[in-house]
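Below you will find one chain, with nothing else, as structure tokens; this is the form predicted on its own, and questions on how it binds or moves follow later.
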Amino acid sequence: MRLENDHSPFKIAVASGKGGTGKTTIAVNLADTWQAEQSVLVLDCDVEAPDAHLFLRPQIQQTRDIDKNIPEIDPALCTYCGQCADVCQFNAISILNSPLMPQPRIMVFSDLCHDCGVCAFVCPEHAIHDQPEKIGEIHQGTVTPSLQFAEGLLGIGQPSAAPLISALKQTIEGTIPVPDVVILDAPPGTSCPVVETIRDADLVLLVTEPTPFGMHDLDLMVNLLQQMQKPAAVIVNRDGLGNQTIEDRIQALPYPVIGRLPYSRAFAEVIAGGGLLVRQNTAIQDTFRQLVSAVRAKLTLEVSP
């Protein structure tokens, strides 16, 4: 629960149980609308396939590498006691020992390493040292004076997105001027990258489409949020595509529906061309203004007295 005297930016995560529901569409149009009232920072946390920049078109002013530490073992100090392999919960270290081998060997599997540092902590010979390995990049820039942007880009072949998302979220503290609102465009699904994205969000906006597939994956997301005890609200994209059965399921959700975007070929054409709906379609501008008001009202309710 956010405290009343907490003056850090409000963090709003836009998430969904599946890809293709319109998370980025909601995130970028919400940000563009909101910037008329308050300063906004957009973080594209879908680091495996970031695309918010295609719509916001920021001027990138800073690019920096993000590393994780991989254990490097000094063979001159290592006694092959095996303690490092025993404590590694991710099986990233293995001791190979056989009577047929002239001496034992120790192997480190960097793809499995989570950079927890426990192996170095337990090593009695202090034979383990950190070796940085690049896992991706962070790009930061400006869209307008009141709308800032940052995205993560995971390196090809990197197995874990969560460390890069964590580093991306740390850019909030260094952003000048400090934004009033941070909008986090989450990855699809309900796995570790999504959990890392929404972990400290003040509110999660669940974007769904009124289809059986969309509702199935939304139910997974609802279950996750309830376990994390996160406040949330629902936005229905492509409204009108479903039937009454789907609508009944939407109404039965434990979170309120605060916005609907109609199913529209014209909207799809704007999005396919990399455009912002609120810049090219006057009919949708009021919808997003109302959505900003609804989100702000929901955030106010989440602040304890």
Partner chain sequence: MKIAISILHPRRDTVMDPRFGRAYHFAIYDTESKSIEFVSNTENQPAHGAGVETSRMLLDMGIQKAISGAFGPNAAQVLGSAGIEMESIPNAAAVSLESILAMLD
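Positions refer to the first chain, counted from 1. All values reported here derive from a predicted model rather than from experimental measurement.
The form predicted together with the partner chain exists for this protein as well; it is not shown, and the discussion that follows is about that form.
- Exactly one listed residue, out of Ile176, Ile156, Ala76, Met101, brings a non-hydrogen atom to within 4.5 Å of the partner chain in the model of the complex: Met101.
- Think of it this way: in the model of the complex, the partner chain has a heavy atom of just one of Cys116, Met107, Leu220, Met228 within 4.5 Å, and the residue is Met107.
- The candidate stretches are 68-76, 83-91, 119-127, 211-219, and the one lying within 4.5 Å of the partner chain in the model of the complex by heavy atoms is 83-91.
- Of the heavy atoms in Glu133, none are within 4.5 Å of the partner chain in the model of the complex.
- Of the heavy atoms in Ile95, some are within 4.5 Å of the partner chain in the model of the complex.
- Contact annotation for Asp111: at least one heavy atom lies within 4.5 Å of the partner chain in the model of the complex.
- The partner is not shown here, and in the model of the complex the stretch 172-189 never reaches within 4.5 angstroms of the partner chain through any heavy atom.
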